[in-house]
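Presented as structure tokens, the chain that follows is alone, the form predicted alone.
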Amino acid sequence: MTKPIIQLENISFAFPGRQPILNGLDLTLNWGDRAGLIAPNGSGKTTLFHLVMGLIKPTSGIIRIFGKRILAEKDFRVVRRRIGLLFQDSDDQLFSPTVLDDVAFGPLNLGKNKEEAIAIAEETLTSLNLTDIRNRITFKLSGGEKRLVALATVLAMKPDALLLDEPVTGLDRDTRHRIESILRELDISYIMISHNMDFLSQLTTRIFSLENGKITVDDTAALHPHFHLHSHGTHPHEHK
């Protein structure tokens, strides 16, 4: 029987003084799922990820993670140890002097000693072929290098699931392909936000859409204006 990792039930959220951006939303991510999330800008995709991680709180609704209802900050601290969030902007994720320091920070925060954290960071950088930049100053990296290091910081914590917010937007082709290869090799459940349907179709097993504050699922194969066929074709999207 499939077990859920994330269960959101009747979730609503509104920023102060604004109309609800999420309105009675339901969403389930099960173990083994690789889900894509596609929707227009401003529809609440990033907000949804931040709710799961406890960075903001819902106006109403129930959040269950790993079968447990999540209510207080202490509950979300456990969630953040087991679910990795890749922020849309890598500069929001990287703050240590060097690449190695940044990747070691997560394991240190999980209670590893310095030697253990460095060993995990080195192992993670090696697995992603990033050892050549291990001692580089983080803020001097290129945009693609920052994205790869940000992903390394998340993977170093050995999470049970990932939330990936636009992992390849704005990157050059080689870096996009490199991240695609990394994600394909991971044995981990995730939800990935992207406007690139070709990218999602290669790396996900199902597609969610966020429309009018609610989640819908598109399992339809359809021809659409760029004249080729793939699953989830009824949603507007980009090809790059």
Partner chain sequence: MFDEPFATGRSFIHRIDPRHRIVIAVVYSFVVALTDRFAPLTGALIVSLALAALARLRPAAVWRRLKVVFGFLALIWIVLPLTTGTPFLARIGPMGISTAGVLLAARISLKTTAILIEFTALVATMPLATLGHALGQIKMPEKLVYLVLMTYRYIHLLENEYQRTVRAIRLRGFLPGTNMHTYKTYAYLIGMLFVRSVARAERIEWAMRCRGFRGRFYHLVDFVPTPATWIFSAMMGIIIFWIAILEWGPHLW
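Residue numbers count along the first chain shown, from 1. Not measured: the values here are computed from a predicted model.
The next section is about a form of this same protein that is not shown, the form predicted together with its partner chain.
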Heavy atom distance at most 4.5 Å to its partner chain in the predicted bound form, all of E73, D92 and F105
yes
Looking at I215, M53, I188, I182 here, can you tell me which has any non-hydrogen atom within 4.5 angstroms of its partner chain in the predicted bound form?
M53
Interface residue in the predicted bound form among L125, L85, V168, L148, criterion: non-hydrogen atom within 4.5 angstroms of its partner chain
L85
N129: heavy atom within 4.5 Å of its partner chain in the predicted bound form?
no
Contact flag, D160 vs its partner chain in the predicted bound form, heavy atom cut 4.5 Å
no
Given that its partner chain is not shown alongside this chain, does G143 nevertheless sit within 4.5 Å of it in the predicted bound form, heavy atom to heavy atom?
no
Does L164 reach its partner chain in the predicted bound form if we count a contact as any heavy atom within 4.5 Å?
no
Using the arrangement in the predicted bound form, list in sequence order the residues of 120 to 146 with any heavy atom within 4.5 angstroms of its partner chain.
I137, T138, F139, K140
